[in-house]
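First, one chain by itself in structure tokens, the form predicted alone.
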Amino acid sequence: MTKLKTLMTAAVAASLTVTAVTAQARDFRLGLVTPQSHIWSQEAEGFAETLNERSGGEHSVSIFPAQQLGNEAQMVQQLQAGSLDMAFLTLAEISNRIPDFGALYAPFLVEDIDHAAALLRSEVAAEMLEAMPGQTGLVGVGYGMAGMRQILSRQPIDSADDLSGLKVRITPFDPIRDFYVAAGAAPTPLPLPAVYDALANGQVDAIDMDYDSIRLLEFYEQADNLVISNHMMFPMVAVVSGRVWGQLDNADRELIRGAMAEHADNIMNHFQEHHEAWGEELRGQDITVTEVGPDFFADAIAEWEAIWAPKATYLPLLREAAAELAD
């Protein structure tokens, strides 16, 4: 009888253990706007594998690329409601809600891709993430990036005057819109999957894009003039829903934070490693390449500063950090 009672007690304990693990186990959902072939989506898959492995199979992550869950504004709403757990986001929607993040898009804030990565890894950039839970309901765990911004156009752009009235596809957020308005262009927000056809049918005259997307999605087939300007960096932020974060214990928070930040940083490494080679690949296409610097956009830069300096309080701090990192 005693032996039977012992066996029953052990069985109940085992059952309770399984129940506890099951209650804690999660199948998280992570959304992105990038296609499956893009490095952001690939590293999202890598994060899912890492979290599953490090949690001993307890947690899994289902990845939804290519706007399967909606555009970024819609995904931010889902994150705030807790119906979406995680996302890799451009800072577009974040900067629309927290103007300080717009400072990261200051024209010519950084000199090149390595300088951009160093600034995003700085203490100042990390400090900015602390404002996200209170102001957006999201928890930012780390930065990634896309490449430095260039201009690809259907017609040649030989001077800043050629931007006048040009319909330039942009990611829909204020800092980049204000830059192109200041340059005299007509910024035209479009989702990434619509860009190729928009160039083909003349809906847009040019696009603001990085090397990787230009080559990966073959936009040069529809626009054969490339202005290499490196005029802005393009940060990404890895986020978790604040509602979901509040349901996690400290161990799971640290597990997720570590794995997600690691794969976001892998994205920066990827762009650093391949940026120059991608540029050379594009130079090898049958396109016209023009290289320009800050002087090309001088008036637009000054106008952008006049708009953003009063509302992006981190702008001088980022400039100071960028200057130190450039030394």
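Keep in mind it's a predicted model, so treat the numbers as computed, not measured. The numbering used is simple: start at 1 and walk along the sequence shown.
This protein has a second form, the form predicted together with a small molecule, left out of what is shown; the following refers to that one.
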- Message: Taking 4.5 angstroms as the heavy atom distance cut-off, pick the stretch from 144 to 152, 75 to 83, 220 to 228, 105 to 113 that is near the small molecule in the predicted bound form.
- Response: 144 to 152
- Query: Can you pick the one in T90, T188, S241, T136 that has a heavy atom within 4.5 Å of the small molecule in the predicted bound form?
  - Reply: T90
- Message: So the small molecule isn't shown here. In the predicted bound form, which residue out of A300, L51, V33, A264 has a non-hydrogen atom within 4.5 Å of it?
- Response: V33
- Message: Please determine whether D210 contacts the small molecule in the predicted bound form, using a 4.5 Å cut-off between heavy atoms.
- Response: yes
- Query: Going by a heavy atom distance of 4.5 Å, is L255 a contact of the small molecule in the predicted bound form?
  - Reply: no
- Message: in the predicted bound form, does H59 come within 4.5 Å of the small molecule, counting heavy atoms only?
- Response: no
- At the 4.5 Å heavy atom threshold, is W40 in contact with the small molecule in the predicted bound form? yes
